[in-house]
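Here you get one chain, nothing else, as structure tokens; it is the form predicted on its own.
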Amino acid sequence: MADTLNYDTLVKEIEDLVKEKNCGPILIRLSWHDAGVFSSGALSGGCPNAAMRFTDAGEGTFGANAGLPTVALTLLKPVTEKYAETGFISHADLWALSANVATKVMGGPDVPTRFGRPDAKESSESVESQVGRLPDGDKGVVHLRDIFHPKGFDDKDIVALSGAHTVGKCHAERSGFEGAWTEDHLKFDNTYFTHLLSKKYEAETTANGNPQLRCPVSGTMMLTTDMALLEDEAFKVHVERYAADQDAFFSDYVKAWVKLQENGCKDLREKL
């Protein structure tokens, strides 16, 4: 079977999966949490290596990754078995490619994918903890900078990457938060930013005891980290620019997202 596998069929099968299962947002989250553990500050190391597929310890057990080893990888399993488990592509590269294909399927920009991420062979190749590496939704401005600046991202990058919240939902049983950021959570556009500026949100506490905000008119929600983008002028200027210019958002998002997906990687190649 390996002889019949090729890049174009792989992309097509990911596209079909996203359209059939409406799973684009969780595939983006899978890639983000795989790559987002990288840090070069007080904490160092971490890279996209698909360590989450091991659930005996490490990243596969992190609370921030709840739902990814089960829901996301179950959805991706048919593609994984055909392409990653046969050695055609690494699991880590597949996760990155799947997120980028999903982004395009949902109306977002073309995101280039480079290849050559090696896979972790066991859970011990995980980073030590999610603390200081992955953001908490109930924190503010200082926390965002503390998390993202050591990854090499400036304020503009932080706002651009936050724009991925234009798709997907929070699930109380996974993150402790509940709801979608936009009315059409399967459309990748700049609505997240227009909502931030135009809608009024009221504070609420989820059934899990977590603080968030909800628009009483649309029923959409925002996290504390989302609202922080309006509280700091250095962030807000980019929110306003992206709300007014979707092309600017797409351009900056692609640059920041590719950097995120490649942090901690060496010798990546243009072709699979």
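Numbering starts at 1 and follows the sequence shown. Since the model is a prediction, treat every value here as computed from it, not as a measurement.
Quick note: we don't show the form predicted together with ligand HEM, though the next part is all about it.
A heavy atom within 4.5 Å of ligand HEM in the model of the complex is found for exactly one of A228, M222, I26, V239: I26. Of the candidates G132, P109, P118, G168, G168 is the one whose heavy atoms come within 4.5 Å of ligand HEM in the model of the complex; the others do not. Listed stretches are 123-131, 82-90, 109-117, 171-179; the contact stretch with ligand HEM in the model of the complex is 171-179, by a heavy atom cutoff of 4.5 Å. Ligand HEM in the model of the complex is not approached by S98, whose heavy atoms all lie more than 4.5 angstroms from it.
The closest heavy atom approach of D136 to ligand HEM in the model of the complex falls within 4.5 Å. Of the heavy atoms in W32, some are within 4.5 Å of ligand HEM in the model of the complex. Using a 4.5 angstroms limit between non-hydrogen atoms, F148 touches ligand HEM in the model of the complex. Applying a 4.5 Å heavy atom cutoff to ligand HEM in the model of the complex picks out Y253, W257 from 244-267, in order along the sequence.
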